[in-house]
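One chain is shown next in structure tokens, namely the form predicted alone.
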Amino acid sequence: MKSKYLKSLLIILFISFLIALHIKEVASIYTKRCHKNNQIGLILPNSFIKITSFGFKGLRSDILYLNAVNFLMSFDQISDLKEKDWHWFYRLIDASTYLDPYFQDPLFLANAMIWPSKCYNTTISILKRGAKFRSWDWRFPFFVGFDYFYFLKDYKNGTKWLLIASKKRHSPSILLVSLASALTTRAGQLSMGITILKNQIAHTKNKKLKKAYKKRLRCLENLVILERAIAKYKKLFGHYPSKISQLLNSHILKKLPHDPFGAIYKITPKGHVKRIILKKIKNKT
């Protein structure tokens, strides 16, 4: 009885090994053929790949990822890749992460290649899959938020995903919230930055973090006051003021708002306010 069971087990293991070897060999031959002919091959739909992988989804995910890496290395320079090449690369990464959404290596590679490929929406879609399954990991919602901000100028979704990242365990929450606020400020979305910080203050129990958030909030509220005053100045005089003191001399402001970090304010030629933090000089005694 035991020998019969052992024999059946050996047969199953042998067949499984042959299937895995076949999958690897076919993938390798297919990729080499595409490189040799300078052609982009066809990858079957993710659902079909998953079914035909049987119990080897992890192994096939690894193979697809390695094929993507080898494909990049087959070019002398990353800049040599064309649109069809990037489509092939991301299709491999997409299939790899579909089979094993916990596999972080293809997720990192996809995000690294967003700069040269300019495949912004595709990369974000793949990273969202990683953020969904690796729900404990703050890095992938952070990547999604940053990519929305930096590449797509989508401040609403960028803010949303950075806040999701900030709530993950072990995330540098104060840095992420500050980054979200800084990005929205540069984009002229001061009110959005204020909303972010007010929401964070309301849901933060840590006293030190709450104090830091309140200081950052004061900075943004000061900028709102000054930029509204600058807009009023332009409406009255037809041009932007060149100095902050002109807002006081024109009686638009009674006093300048105090920056909690000791910064001074400068006005840019486009009428925006720039904070400059002066370095404290210690007198030698």
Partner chain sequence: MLYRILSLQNITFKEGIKDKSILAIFFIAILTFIAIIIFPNLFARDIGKVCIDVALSSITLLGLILIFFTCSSILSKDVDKKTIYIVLARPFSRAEYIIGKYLGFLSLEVFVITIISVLSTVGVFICYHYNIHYFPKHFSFYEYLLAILMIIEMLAILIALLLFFSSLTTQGFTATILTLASYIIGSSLNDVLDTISNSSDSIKINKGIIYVINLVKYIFPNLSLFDFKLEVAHGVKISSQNITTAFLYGIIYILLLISLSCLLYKRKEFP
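Residue numbers count along the first chain shown, from 1. Keep in mind that what you see is a predicted model, and the values were worked out from it rather than measured.
Unshown form predicted in complex with the partner chain; subsequent notes refer to it.
The contact with the partner chain in the predicted complex, taken as any heavy atom within 4.5 Å, belongs to Asp100 out of Asp94, Asp85, Asp100, Asp154. Between the options Ser125, Ser117, Gln104, Ser171, the residue in contact with the partner chain in the predicted complex by a heavy atom within 4.5 angstroms is Gln104.
Not displayed here, the partner chain is kept clear of Lys160 by more than 4.5 Å at the level of heavy atoms in the predicted complex. For Phe56, a non-hydrogen atom is located within 4.5 Å of the partner chain in the predicted complex, even though that partner is not displayed. Interface membership of Asp62, defined by any non-hydrogen atom within 4.5 Å of the partner chain in the predicted complex, is confirmed. In the predicted complex, the partner chain lies within 4.5 Å of some heavy atom of Leu66. Partner proximity in the predicted complex, defined as non-hydrogen atoms within 4.5 angstroms of the partner chain, places exactly one of 128-136, 160-168, 75-83, 145-153 at the interface: 128-136.
For the three marked residues, Ser47, Ile51 and Phe108, a heavy atom of each sits within 4.5 Å of the partner chain in the predicted complex.
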